[in-house]
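First comes one chain, alone, set out as structure tokens in the form predicted alone.
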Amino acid sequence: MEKIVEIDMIKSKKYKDKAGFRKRNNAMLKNINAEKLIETILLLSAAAFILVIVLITLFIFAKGVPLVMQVGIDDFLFNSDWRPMKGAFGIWAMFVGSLTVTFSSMLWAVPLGIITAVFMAEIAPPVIGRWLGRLIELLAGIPSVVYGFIGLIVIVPFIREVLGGNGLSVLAGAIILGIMILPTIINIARDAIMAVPQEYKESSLALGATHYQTIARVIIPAARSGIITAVVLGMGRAIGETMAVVMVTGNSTVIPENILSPVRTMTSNIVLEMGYAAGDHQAALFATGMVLFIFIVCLNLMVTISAKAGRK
């Protein structure tokens, strides 16, 4: 009788083990299927994203390249005569205007942004650093038209009264663009500085360096690739900005003589004239967008190269 009970217990145990194995196996199969489904969705999303970029690129180049070939690359890029109604499609003045406004904004926004990032990551108490981070995120969320409106009613009259001119100028655009790209520079540079291993800082302090010497000679050089990325992405944001620039720069299709001169950027030109452009005029605006596209791609390549150089 005892043997029969023991055999029944063994059979029952084996049955339970098999049932448990089946349950575990079914759960594993469900997890694998769920993972495959997620992978498929992510793959399709990435493919759709790449397809959209390819289609946009092909559309812009298909519209712009024939006009560039018709006019000639030299005349299109290096000629300042923009009179589309008379067949003159030179964008040199607007190209120079875009670079002038962009680099003028970078001259003051980059140092201020990097200094602020260092302060938030290494000097400020954690509570102040967190509050500053929230304020900077709020600054990044303000629409560009609001910046343009503030520039139009505050900065432009100030420049007109203090420095002369009509106020609509390279300087006004540089001030507004600098404010707009600060969040990008600060956030990325701060993340790069905070990503530097703590051992670097501790080793420098252990060797007798001061806190500020450690920041200048150890932490910032170690975060160099991230800081360069912040600067280049800020530049890309600045050169691609439209609405705020339209409102404060004067939109004159001439090469600016100084920072108080009015200027028109390539993005402003597209926005101002696309509504009524047709034929070769419209194609010239697409070609202008093509130049912008190539320029921003080059900036992204600079980010990639700098990031790889920083990891070596």
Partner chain sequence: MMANNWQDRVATAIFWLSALFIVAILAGIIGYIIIKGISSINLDFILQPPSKAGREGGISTTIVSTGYLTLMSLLIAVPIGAGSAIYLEEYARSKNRFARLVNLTSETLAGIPSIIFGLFGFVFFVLFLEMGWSILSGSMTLAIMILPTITRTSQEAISAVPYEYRDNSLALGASKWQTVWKVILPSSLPGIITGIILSIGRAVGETAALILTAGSSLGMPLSPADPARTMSVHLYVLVAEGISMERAFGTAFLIVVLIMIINYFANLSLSKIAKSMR
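Positions refer to the first chain, counted from 1. As the structure is a computational prediction, the values presented were derived from the model and not from experiment.
Quick note: we don't show the form predicted in complex with the partner chain, though the next part is all about it.
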| property | result |
| --- | --- |
| Non-hydrogen atom contact residue 194 with the partner chain in the predicted bound form at 4.5 angstroms | no |
| Touches the partner chain in the predicted bound form: residue 63 (any heavy atom, 4.5 Å) | yes |
| is_contact(residue 147, the partner chain) in the predicted bound form, heavy atom dist at most 4.5 Å | yes |
| 4.5 angstroms heavy atom contact with the partner chain in the predicted bound form for residue 152 | yes |
| Joint contact, 115, 210 and 282 to the partner chain in the predicted bound form, by non-hydrogen atom at 4.5 Å | yes |
| Selected contact from 142, 107, 162, 127, since only one has a non-hydrogen atom within 4.5 angstroms of the partner chain in the predicted bound form | 142 |
| Partner-contacting position among 179, 170, 232, 94 - heavy atom within 4.5 Å of the partner chain in the predicted bound form | 179 |
| Partner-facing stretch of 95-103, 128-136, 223-231, 75-83, counted where any non-hydrogen atom is within 4.5 angstroms of the partner chain in the predicted bound form | 128-136 |
| Contact set, 43-82 vs the partner chain in the predicted bound form - heavy atom within 4.5 angstroms | 43, 45, 46, 47, 48, 49, 50, 52, 53, 55, 56, 59, 60, 63 |
